[in-house]
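Laid out below as structure tokens are two forms of one and the same protein chain, each shown alone and named structure 1 and structure 2.
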Structure 1
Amino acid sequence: MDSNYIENQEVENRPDNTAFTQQRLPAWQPILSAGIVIPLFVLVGLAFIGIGVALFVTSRNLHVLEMDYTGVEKTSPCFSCSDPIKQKNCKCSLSFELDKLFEGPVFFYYGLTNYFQNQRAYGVSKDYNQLSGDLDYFTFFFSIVPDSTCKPYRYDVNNKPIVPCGSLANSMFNDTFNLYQMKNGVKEEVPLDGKGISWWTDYNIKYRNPSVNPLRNAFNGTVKPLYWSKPAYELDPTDTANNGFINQDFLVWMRRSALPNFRKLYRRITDGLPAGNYSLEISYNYPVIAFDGKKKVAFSNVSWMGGKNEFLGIAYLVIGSLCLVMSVVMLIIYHWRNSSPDAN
């Protein structure tokens, strides 16, 4: 092969003679020395310890009250309701006492254990087109709807489409709660605020109701989920902004939990709970004993760091302490190396 041809090819393939392509740009490479690393470890350690103390103290000042109402134990107030035969429309109550003010806002949660909402087939069992308010996916449309992922809760025994379809919607939590404060033997209801408990993106973007008025007409020719006591358009008929697919309780349930033991926000108590005696009346409807699950309620207040969680503060304290210990170890080694005769 001609040497001139090879030389010309090399010239053509050669990068441009610029500082960037020839890697001649100015660069700075830190030289890690004891005078830099040891103070850095000290500063990081002190910063982490400060953050850890703040997180730990704040978490310790928060209050959490959790009560189990599954009714497995015979001494439980909800024991009679745990019987599947008596479970429908069964009511029970939990009594508790607060010896000091539960500062508001107080968040009221329901909790489930051994419940795997993260199971893949269960999680995908819903029709996004239905839940976005597309009427074409409510009834038969070219025999492809509702979405096949909704099986086995796609049609009822009469072959009518279920809206909303799927396992996730069908298993919606349906226990309800009313909280009362006992004052001189008289029950005074504590107001529970259910507005804004779901994610903003769910309420305003992800889920939408059909543009039909009244809403019930959009569900003509469909049936409610098999385990629901009422159809979607009756979840809250008194408030159009909390009815149908944008019902707050429905949205909270449809956002799946990652772990088998979880809490979901039920209501908010804005003014807090004064010291005193309380009674929580429960409409016990949701079965959990069949899969060894448990049901709980929890009251908790929050701070700038969120809910009660001592782990985060402890983690910062441990890492900060390790940084300080390592700085001391490195200082001792550095001093020993410089003072030894071999250092000279």
Structure 2
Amino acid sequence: MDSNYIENQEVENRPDNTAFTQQRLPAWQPILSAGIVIPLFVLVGLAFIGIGVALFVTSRNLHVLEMDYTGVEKTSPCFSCSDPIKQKNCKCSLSFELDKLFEGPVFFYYGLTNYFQNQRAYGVSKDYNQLSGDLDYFTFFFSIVPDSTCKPYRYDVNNKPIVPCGSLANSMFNDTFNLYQMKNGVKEEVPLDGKGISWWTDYNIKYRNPSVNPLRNAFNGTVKPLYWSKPAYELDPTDTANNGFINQDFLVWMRRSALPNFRKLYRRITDGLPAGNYSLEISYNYPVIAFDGKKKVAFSNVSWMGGKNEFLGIAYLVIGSLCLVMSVVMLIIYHWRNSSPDAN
């Protein structure tokens, strides 16, 4: 018993002899020295050059036609409309010519510059519950609904709630475009496809209209946003299903752009634009002079890499070549170090 006791006592405090506690776990100790790194750099360089070429070529094959219609210059067809004092519903038209077929599908964007959709106060100025179709948030209720973030676009002067409330909705882009092809002096309207231009999740899940039929009844006792000419349930007179909060243009606008110079998708032209003369009729409503902004329209093809952008392809090519150059430098260093250690 005695000896047993001693033995127990002896091992009582003895630490466990495991690889973990003794910090002897098998370890891989990579040393980043020239010898190991050269093949890696060659591989990375080659791969990047490959990707770069693919991106560059793809980007080169895409076409973009971008036109400014702000009308700041006097020569601009929209110059007369750009004056904010001018009455509403000013129309102007841009004409352009295509030498060759603009392959479909062509994406038709409108663009704004110097427009800061990405401010915080602007971004939070909306009521999610309202936009998800919750009728409780349509009516005035003891200063709780609509959400106070909508201030100051929450109630009108008569204390009637604004639906959709908030700055974001209030400032919705309201220029409209019609594209005509001039065929032998006759204007032929080019069909524009406005379906499915917003995010699928926005259209199907996130934004909902209240389930009231007809939709107009849901908006009883509310007023339209200050800057809107039409109430939300009448945004698209041509398609009753494209109204309210799931109106495609509304959804596109509500998805805030990341940067102050941006495009937003307006329509798609599925079949592309054949060569010829075109006229774009613009109903010019949206004021941009106040912040030195520009308004643009753009026609563009897209590919797997999105719109035309040569930056990424060039970046890949540069970095790929840099890697190759560095691998050569490494090789020289490695060689020098191996052959003349005495230099130290």
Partner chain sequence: MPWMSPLARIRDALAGQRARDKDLRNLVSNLPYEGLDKWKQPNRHFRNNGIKTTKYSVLFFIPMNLFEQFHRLANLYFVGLAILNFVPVVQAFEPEVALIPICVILALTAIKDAWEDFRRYKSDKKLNRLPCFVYSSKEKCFVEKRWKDVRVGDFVKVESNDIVPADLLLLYTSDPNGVCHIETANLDGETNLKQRRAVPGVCITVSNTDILLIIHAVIRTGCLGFSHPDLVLKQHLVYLKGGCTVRNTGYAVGFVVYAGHETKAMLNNNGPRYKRSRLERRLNIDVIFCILLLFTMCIIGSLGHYLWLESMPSVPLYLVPQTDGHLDTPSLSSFYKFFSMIILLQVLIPISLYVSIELVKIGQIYFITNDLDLYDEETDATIQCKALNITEDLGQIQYIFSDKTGTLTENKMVFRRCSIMGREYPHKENECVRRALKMYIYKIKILMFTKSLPPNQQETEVILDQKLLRQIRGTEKIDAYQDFFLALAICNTVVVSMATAKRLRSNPLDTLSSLVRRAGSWTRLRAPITSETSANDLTTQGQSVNQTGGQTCSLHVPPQGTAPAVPAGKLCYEAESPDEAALVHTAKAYGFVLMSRTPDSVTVQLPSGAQLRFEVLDTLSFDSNRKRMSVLVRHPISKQCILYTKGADYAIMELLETPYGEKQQKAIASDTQQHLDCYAKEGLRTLCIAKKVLCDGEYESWAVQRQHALAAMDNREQLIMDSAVQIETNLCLLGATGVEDRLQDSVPDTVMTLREAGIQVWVLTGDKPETAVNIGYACRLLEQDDLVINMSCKSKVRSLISNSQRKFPLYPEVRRYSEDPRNVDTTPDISLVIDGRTLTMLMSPDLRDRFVDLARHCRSVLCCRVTPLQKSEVVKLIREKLKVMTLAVGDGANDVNMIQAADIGVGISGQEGMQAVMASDFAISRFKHLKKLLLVHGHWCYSRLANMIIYFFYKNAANVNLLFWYQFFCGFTANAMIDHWLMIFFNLLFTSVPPIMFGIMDKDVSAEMLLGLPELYRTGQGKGEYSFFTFWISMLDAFYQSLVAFFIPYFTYRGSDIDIYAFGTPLNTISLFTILLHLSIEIKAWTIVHVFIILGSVTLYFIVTLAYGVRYLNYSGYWTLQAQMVDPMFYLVCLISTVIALLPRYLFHVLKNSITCSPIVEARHLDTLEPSTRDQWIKEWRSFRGRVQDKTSDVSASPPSELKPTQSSSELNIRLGLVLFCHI
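A quick note: this is a predicted structure, and the numbers were derived from the prediction, not measured. Between two forms, the rigid core is defined as the largest C-alpha subset superposing within 1.5 Å. Counting starts at 1 with the first residue of structure 1 and goes up one by one along its sequence.
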If only one of the two is the form predicted together with the partner chain, which is it?
2
Is_shifted residue 35 between structure 1 and structure 2 (CA, 2 Å cut-off, rigid core):
yes
My question is whether residue 22 is one of the residues whose C-alpha shifts by 2 Å or more between structure 1 and structure 2, given a fit on the rigid core.
yes
